[in-house]
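What follows are structure tokens for two forms of the same protein chain, given separately as structure 1 and structure 2.
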Structure 1
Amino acid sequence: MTKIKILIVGTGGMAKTHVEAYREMASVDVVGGVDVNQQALTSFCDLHSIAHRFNSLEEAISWGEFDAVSNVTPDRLHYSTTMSLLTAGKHVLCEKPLATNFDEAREMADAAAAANVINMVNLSYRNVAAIQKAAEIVAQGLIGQCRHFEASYLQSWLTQPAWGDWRSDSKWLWRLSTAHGSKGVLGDIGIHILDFTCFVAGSLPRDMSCRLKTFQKAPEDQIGEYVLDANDSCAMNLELQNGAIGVISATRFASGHHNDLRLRIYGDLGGVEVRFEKAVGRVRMCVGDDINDEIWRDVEAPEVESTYQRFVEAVGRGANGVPDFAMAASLQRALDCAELSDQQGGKRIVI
């Protein structure tokens, strides 16, 4: 069996998850790693027994002995690195968000289509069985036409040391300071809850209004040379293309919620609810005669393939998987509109 050779670009914390997922697949060889930080590169490749190591993407592309790439670079580098890989004709699984603005994301999607390569984005909550089952329920028409939704992504790491002390550990600055490349809670987890909603509802946003808020968190709102100016909470009102309206919120000040996602979608024939709390997914629905007695029933959600598995399978069969760059670009367009709406005091923006 000919194995698919994968290069890991960027060796930060999330790269470990990529490598470990690939190591479980007999059809994959992780053949190289790329990072400008020599110490980080060496430690990562030693830990995962990766033979080929490069301090620049240009060196790796010149070497060329790989079929596909996991792009795990910081958000601001997704555009430049991915465009170079697409020019080289390589298949790419890019971490979310695809880019930091819609223009770049659209250019990446167009370039991937023109290069005729597999292109996918690691919107990791697509790996949750409960969300896949909920999307299936909606697509089957069991709740009828979507009418209303409520969704939230709740984190508490700004009020408790769940992941360490953000005041003293510089690794969190990428989530707190725009000068460090942060797009705030909107860009970090807002894209997840937006995708969570749109995927289950089977529809993208048509228009929205949004308010973003940055709270005082440290003396003079600064740590070292970095001003803590990235947004900490967001609240969006949206209408989807299928006519449903609802609200989406995300925050890092939800005390008591380490990393929890919730979604309720109601149609003219019933409703479905998804919860992903403490890393456990659950889906319930109220349809048919249960509506009259307000009975919600748990629905079994079989395990699903991960994004990494779907990417490798897509490369193997030569047909693109989901979510792809085009989908991610549409989400980025919505996020850009959310920023614009907030800049205009919460004005409704047509997407």
Structure 2
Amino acid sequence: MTKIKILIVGTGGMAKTHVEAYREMASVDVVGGVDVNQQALTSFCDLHSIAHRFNSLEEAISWGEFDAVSNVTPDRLHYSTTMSLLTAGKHVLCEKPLATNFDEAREMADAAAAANVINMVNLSYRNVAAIQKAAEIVAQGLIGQCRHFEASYLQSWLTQPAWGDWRSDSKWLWRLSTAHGSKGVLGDIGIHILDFTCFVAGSLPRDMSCRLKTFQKAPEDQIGEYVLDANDSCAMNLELQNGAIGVISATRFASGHHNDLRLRIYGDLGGVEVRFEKAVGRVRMCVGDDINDEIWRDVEAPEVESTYQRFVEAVGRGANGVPDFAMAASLQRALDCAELSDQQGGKRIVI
């Protein structure tokens, strides 16, 4: 069997999740790593026994001995790095958000389609079995026509140190600074909860209004080179193309929740609820006669393939998988509209 040769670009925190997922797959060899930070590159490649190491993507592309890439660079670099890889004809699994604005995301989707390569985005909550099950329940019509939803993504790394000290660790500081390419909580985890909601509802946003807020977190709103101006909390009010309306929020100030997601969708025949709390997914529904007695029943959710597995399979069979760049570009458009709405005092924006 010819193995698929994978290059990891950006060997920071999230790259570990990628390489560990690939290590589980017999059909894959992780052949190289790229990072501009020599120390990050060396320790990552040593730890994961990766032979070929590059300080720039250009060097890796000149070498060329790889089929596909996990792009795990910071958000602001997804566009330039991915465009170089597409030009080189490589398959790309890009981290979320695909880009930092819709124009770049659309260009990436168009370039990937023109290059005829596999292009997928790591909207990682698609890996949670409960979410896939909830989407299936809605698609089967068990809750009827979607009418209403409420969703939240709750993190608290600004109020507790479980993931390290945000005041001194660059991997948190860049997320707080627009000059370092961050779109704040909206771009970082707002994208996840937006995808989570739209995926389960089976429908993309039609219009929205949004409020974003950046709280003072340091004297002069600055730590070293990082100006802390990216949003910390967001609250969106949306209508989906299927006519359902609802609210989606995301924050880094949700004390008591390190990384929890919740979604409830109600239709004219019932409701479904998904929770991903302390890394455990659960789905329950209230449908049929149960709606008369308010009975919510847990639903079994069989394990699902991860996005990493689906990416590798897509490369192997030569046909694209989901979620792809085009889908991620649609979500990027919604994020741009959220920012625009906030800049206009929470005005409703048609997407």
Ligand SMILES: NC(=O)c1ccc[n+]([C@@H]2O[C@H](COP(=O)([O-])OP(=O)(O)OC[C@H]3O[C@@H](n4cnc5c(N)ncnc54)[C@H](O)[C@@H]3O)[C@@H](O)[C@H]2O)c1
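The structure presented is a predicted model; accordingly, all values stated were derived computationally and were not measured. Every residue number counts along structure 1's sequence, beginning with 1. For the two forms, the rigid core is made up of the largest set of C-alpha atoms that agree within 1.5 Å on superposition.
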Is the form predicted alone structure 1 or structure 2? 1
So that I can tell if N116 moves, could you say whether its C-alpha shifts by at least 2 Å between the two structures after the core superposition? no
When the two forms are laid on each other by their rigid core, does H180 show a Cα shift of 2 Å or more between the two structures? yes
Has the Cα of R76 moved 2 Å or more between the two structures, judged after a core fit? no
Backbone CA shift between the two structures, S168, after core fitting (angstrom): 3.4
